[in-house]
Structures are given as structure tokens and as C-alpha cells.
Ligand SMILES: Nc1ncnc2c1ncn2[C@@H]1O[C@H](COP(=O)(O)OP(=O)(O)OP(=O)(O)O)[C@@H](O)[C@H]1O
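In C-alpha cells, the next block holds one chain alone, the form predicted alone.
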Amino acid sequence: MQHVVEASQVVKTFVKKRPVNELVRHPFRRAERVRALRGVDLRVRAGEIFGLLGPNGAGKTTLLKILSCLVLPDSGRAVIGGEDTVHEGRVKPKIGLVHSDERSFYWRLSGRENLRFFSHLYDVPRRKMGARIDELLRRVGMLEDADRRFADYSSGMKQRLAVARALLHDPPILLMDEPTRSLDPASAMSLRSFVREELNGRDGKTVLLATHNLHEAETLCDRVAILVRGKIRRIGTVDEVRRWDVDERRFRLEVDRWPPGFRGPCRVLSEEEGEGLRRVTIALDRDGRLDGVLRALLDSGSAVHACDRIEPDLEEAFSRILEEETEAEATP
């Protein structure tokens, strides 16, 4: 399958900002450099929604800026739709960037006037400009509020206008940097639905989504990569990543009683009372057999009312990866 977004060994460092008093006291001291990206490799397939996950400061925004031609890498190569990002003029028509920086709009202008201004920057033909703006305003649910000042918009309305702006020139690839960060739950759900059903499902656009919202990644993304301290640590489907390094299977049983001292061929993780039944969470290793546990319980005189498999979630995998990185940093 064709890859439309590629990053190969991308490295980026920045000069750390110094306080004014330090600049005055030590004007000739060498500035400290911070490594934002440490050899990132990434491949995004055409037509997929790809999630870039990581804690704050992991390098997600820096990578998106490199892919959108806003920042050049120190080394390595970034390619969009077959074009190297050093060729800005060839790359820009292929991408639309959605971010939550409201300062990039003109607050005294209306939403429609803002889109008209950016349409000129994106070289949208004049004869098509009005119809294109109206179509996008309708699609993002902003047509009725199009002539209000941008300054009077809610956070959700501003974000929807940001999506409309990114679509003005109808790019095949969307780069989205935490698009739901400042939205209330209802607005965030609406935007996710629009991305999945309209932009990706109907229009077939490729979406690279940077977020630290794990629920958002699970509900939206076909594949995800976890970025920690400037390096990709895990990459794969959501199911593959959340099952990473999991050697056991977990089940939740509802029984009328749990025999005292009973362990059977399993490990008990938790026990709790509920509505006349006892809920017990157990873990089995890869070779353990659930039927052996159930048989042992029945032989002990206990009745099993329910048995459910507990699937590992992305939050657990994310925590394991962060813990692994912390331990690696602490190891001399």
C-alpha cells in the first residue's frame, strides 16, 4: 500500500530559551540545546487515520511542523505525497494543517472574511471561492454564524473554522495537532465524527492526528505510534499496541461465593462484593486454561453466573511504555 507521509531518521534540536537575568550575567555562555526529535521513522498509508500519541513535550507538534514545511529538520528526510518537504511549493497543495492556535486567525474579521483571506493564500480560484467557502461552512455547521466576528466565536466554533480553513484547497492529507484539546465533550465528539465519517470515510482523506487523548485515538485511528522523548517507541494497530508486552489474559467472574483460599490455575487480581454476587478478576498466562478454573470452581460448590474477557486498553499500554522509558533513563 502506498505511503503518503514518510519520515526517515528525522532529528531536530532547539536552543533552550534563557531568562533575561541569565543573559545579562552570562552573555557569552553557550546556549543549551534541547533534542525534540531523535531519529523518528514514520510511514502513513494513503486513506488511513494515523494517531501520533505521546505526553506533552514528546515532539508531536515539532514533527507536524516539519511535515507541514514550517520547520526544517537538522537531519533526516520528510516526504509528503512523494515530495520532500524542503520543496515547500510542491508540498503545500497536498496538506491541510489544523491546530488549536486561535492567534492564526484575524479576530476582528468574520468567519467568512477569514476564509476568504486564506483562500487567496491557498490560491483558490476567484470564480470558485464563494461557492467553496459556503460549502465548507455548511459542512462544518458554521453557515449561520459565518458573518459573526471571529472574536465572538466559542472554542468549538473556532476549531470548526480551523478545519474549514485547512480544507479550502481540498488537500488529500490533513495534519491535525490536538484538534479537540479545548473543546467540551459534545463538541469533541462531533468533530471526531466529522473526521471519521466525512473527511476520511466520504472524502477518503489521509489524516495524521497528534493527540495525547487515548480515548480519541482508540475511537478514531486505524494505526497509532507512541512518541516518547523524541523517539517512536511502539507502532501498529490500536489492538497491537494495547496488547504489547501482555503475556496474560484477564477475566471477570461473577460467582455466588469465592471459596476461601481458592486460587486454582490462575492469579487473583481483585475481589469485590456486588448485588449478592462476588466479582473476582483473575489473570491467566498464555498457557493457562479458563475451563480449568471454571471446573475447579464448580467442583468446590461455587456457581458461576457470568464470565467476561477483559481486553487491555491503550491507557495501560501507554503507562507501560512510559514506565519502561523512565526505568531506562534511570539505568546508568
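So that the term is clear: the rigid core is the largest set of C-alpha atoms that superpose within 1.5 Å between two forms. The numbering used is simple: start at 1 and walk along the sequence shown. Computed from a prediction, not measured in an experiment: that's the story for all the values here.
A second form of this protein, the form predicted together with this ligand, is not displayed here; the remarks below concern that form.
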Q) Heavy atoms within 4.5 Å of this ligand in the model of the complex: does residue 55 have any? A) yes
Q: May I ask you to check whether residue 20 falls inside a 4.5 Å heavy atom distance of this ligand in the model of the complex?
A: no
Q: Answer with yes or no whether residue 61 is in contact with this ligand in the model of the complex, where contact means some heavy atom within 4.5 Å.
A: yes
Q) So in the model of the complex, does any heavy atom of residue 15 sit within 4.5 Å of this ligand? A) yes
Q) Every residue in 242, 290 and 316 with a non-hydrogen atom within 4.5 Å of this ligand in the model of the complex? A) no
Q.
Between 99, 212, 249, 132, only one gets a heavy atom within 4.5 angstroms of this ligand in the model of the complex; which residue is that?
A. 212
**Q.** Single option in 36, 282, 49, 40 placed near this ligand in the model of the complex, where near means a heavy atom within 4.5 Å
**A.** 36
Q. Heavy atoms within 4.5 Å of this ligand in the model of the complex: which stretch among 268 to 276, 291 to 299, 61 to 69, 22 to 30?
A. 61 to 69
Q) Is any part of 102 to 119 within 4.5 angstroms of this ligand in the model of the complex by a non-hydrogen atom, and which residues would that be? A) none
Q: State yes or no: after fitting on the rigid core, is the Cα displacement of residue 43 between this form and the one not shown at least 2 Å?
A: no
